[in-house]
Structures are given as structure tokens and as C-alpha cells.
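Encoded as C-alpha cells, the following chain is the form predicted alone, with no partner shown.
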Amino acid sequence: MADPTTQTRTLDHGSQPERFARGWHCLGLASQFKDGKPHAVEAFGGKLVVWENSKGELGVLDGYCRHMGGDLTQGTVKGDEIGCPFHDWRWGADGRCKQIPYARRVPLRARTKAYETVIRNDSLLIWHDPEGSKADYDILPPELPDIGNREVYTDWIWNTVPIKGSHCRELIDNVVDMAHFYYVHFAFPTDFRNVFEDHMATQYMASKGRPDVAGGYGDADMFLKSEATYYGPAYMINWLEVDYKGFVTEVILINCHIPTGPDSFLLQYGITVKKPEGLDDKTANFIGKKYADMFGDGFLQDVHIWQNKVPVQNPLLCEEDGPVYQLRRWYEQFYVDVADIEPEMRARFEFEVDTTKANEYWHEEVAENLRRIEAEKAENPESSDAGVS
């Protein structure tokens, strides 16, 4: 029998799921769709059309007319309906064709795919289920108190990044990945814990910025306390307390995505800051922009990794890598029929990573990096840009 310690480990790339996740998905800030025009959104391997009706409500349909395949996103909003540019068949938000101007009657089977919608935290969410079930409003993300009150929070800063060549599970894996915060985001994660239960997966983390690198969270004066929860497969709320040189700011980060294909998705993230007492709006918005840039840089650091790695179904793990397989088991519930959800996919699971050994090594490495930087500066006093590559 072969000795397993001498065998070469192989990577199992697996295959992408044959369906898109069941659950609530965010299409973006609701305000971007409220201009009286049809909007195209790439999603679930196709295209959606989004528009505002005369009552101010947002409708979402499959983007192609069931008559002859016209692109509804190139059509016209007419009252409460979206009119196809090909033959002006007019579709309501319930998926029914309401009118065909040149016809005596509308065919009884003139129905298209419609999505149930909710405005939550200023964003438009839609329900998607390959089985065609009614939306489950009990598992919506929570409504954030005062989030729409501009006396309390700054305006949202909302960004999108299209991701090609990666399944959105790469994003989910970060929930349990303690060590990447040091190597990718340039921070010391000092506390790191996960809790999975029902449709929610939470990461609790405290971190301190590294002093030897810039970018990401790399700043020795930066302390973060973070609670980040996925509510379903695609919508995370991240509550952040940022302590920078003793000035504490409360930040809310929405991290969400919409799958566009088997190996692509649209990453979206929004930032709003609770206005500190005594600060005027201009200063508060400036702080919000700074943190949006910082966390945006962090996402781009992840994107670079995703776009240059391969998918791995059988990751080889050490103790400090966290509960990767348990997280993936939790995530699997959104890719099977409801009847096939197993109790262990939704059962409560808790895990805390002991960061002691990691931080001992990392602090030694950073101290050596700082000594090298100082030595390089001494050798070349005219250069102040020496750093760790």
C-alpha cells in the first residue's frame, strides 16, 4: 500500500454548478432605475429588463419578448408597461402581456418570466429560484435603521466590478479565510470567528493594519472591528468600526453580487458612513469617500487573486485555514432543490481560529521587513519610496 505522505497531491478543479443560486439577489441601488427608461441587467446567464412604472414601482422581467424575441431593454416605458421595440407588445411587471395595439385580443398564453422585487436598504432585490417558488420574504436581509436618513448616514457610494473566469463561490470562500487578510489585504487578523446557521453565514474579525506596506488595510494606525453576515447566497451586510488614530467611525458596507454566467458575476459594493457628531456634511462625505476607496482597493486585491487562480474542489488545509468545507456545505443549500436540503447544511456551526501562531510569525516577518526598509533608506537617502514588494 502506497505511503500517503509520499504521494503527490492533485487539484480537483471540479465543474461549475448547472444552476444559479436560489435566493435574494441585489441588482443595485433602486434610484438608478428610476428615470423612466428601461435598463438592462446581465443576470443568470441572460438579460433582465428593469423599469419604473407610473406608481414609482420597479418591475423586472426576462429581457426578451415572448412574441418574436425583441430586446425589451431597447423598448419604451409606456404607462405601467414596457413596450417591445419590435412590435410594441406591452408587458406588465406581473409577466402578463397587457396590450397588443394592432391586435383584437392578447393570447391567453402571453406570459413571460417575472421576478418578485423588494426595495431593501435603498437597493433593488429580486427573488430567483430555478424551481420557480414564490419569494421567501422571511429570509430577506434586515432593514438597517436610519439607513435612508441623510441626517444620520452619508449618501451611498456604490461601485460595480465585472468578474470573468471565476464562479461566485470564490467570493464566499473569503468568509472563513483568516490568513488572506495578512497576505492580500495587509492586516494582522487578531481575532477571527465564524458562525453558520440557517441561511446566514457570519464572520467576526478584529484586525490591525501592517506598518510595512501601503494599500488595502495596510496602516499601523488602522484598527478594524468587523461583523459581516451573508443573508443567503449573494447579499452581505458588513458592520465596521474603524479606529484611525483614535478617531472612531461606524461604516456599513454592502457586499453583494449577481451571477451573470457559470464562471462570471457582477461584484457590487456600497459604502455609507454614520455621520460623526460635530462634523459637517462635507467632511462626513469626505470620510465616506476615503473608506469607499480603501475597501474598494481591498476588493480589487481579491479580484486579482481570483482572476489568476484555478478553482479547487479539494483544498488542502491546515488548522488555521478555518472551516472551508463546512462553509461550502452551508453554501450548497442554495444550489439544490428545497426538498434536497440536508439538515447539516443549515445546522448551527461555530468555529474560532487561534491566530496566536500566525501573528507571532507575521510580526517577526514585518519587523524584519521594516529593518530592511530602514537599511535601504540608509543606503539611498534620496529615495523615500523603498518598500516591500
Partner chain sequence: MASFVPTSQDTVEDQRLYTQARLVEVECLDCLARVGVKKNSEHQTSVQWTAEAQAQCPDLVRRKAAADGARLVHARCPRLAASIEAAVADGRIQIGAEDGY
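Only a predicted model underlies this, so the values are computations on that prediction, with no experimental measurement involved. Residue numbers count along the first chain shown, from 1.
Another form exists, predicted in complex with its partner chain; not displayed. Remarks below refer to it.
Inset, instruction - Heavy atom within 4.5 Å of its partner chain in the predicted complex: which of Glu227, Asp221, Asp263, Asp293 fits that? Just give me the one. - result: Exactly one residue meets the criterion: Glu227.
Legend entry - Residue (of Pro142, Gly246, Gly132, Gly278) lying close to its partner chain in the predicted complex, criterion heavy atoms within 4.5 Å: The option sitting close enough to the partner is Pro142.
Legend entry - Partner proximity in the predicted complex: Asn314 to its partner chain, non-hydrogen atom cutoff 4.5 Å: Heavy-atom contact with its partner chain at 4.5 Å: present for Asn314.
Inset, instruction - Would you please decide whether Tyr331 lies within 4.5 angstroms of its partner chain in the predicted complex, comparing each non-hydrogen atom pair? - result: Contact check for Tyr331: yes, within 4.5 Å of its partner chain in the predicted complex.
Legend entry - Residue contact check: Glu319 to its partner chain in the predicted complex, 4.5 Å heavy atom: Yes, Glu319 is a contact residue.
Inset, instruction - Considering only heavy atoms, tell me if Glu42 and its partner chain come within 4.5 Å of each other in the predicted complex. - result: Heavy-atom contact with its partner chain at 4.5 Å: absent for Glu42.
Legend entry - Stretch in contact in the predicted complex with its partner chain, which is absent here, among 32 to 40, 53 to 61, 333 to 341, 66 to 74 (heavy atoms within 4.5 Å): In short, 333 to 341.
Inset, instruction - Could you list the residues in 167 to 194 that come within 4.5 Å of its partner chain in the predicted complex, counting only heavy atoms and keeping sequence order? - result: The stretch 167 to 194, when checked against its partner chain in the predicted complex, contributes His167, Arg169, Arg193 at the 4.5 Å heavy-atom cut-off.
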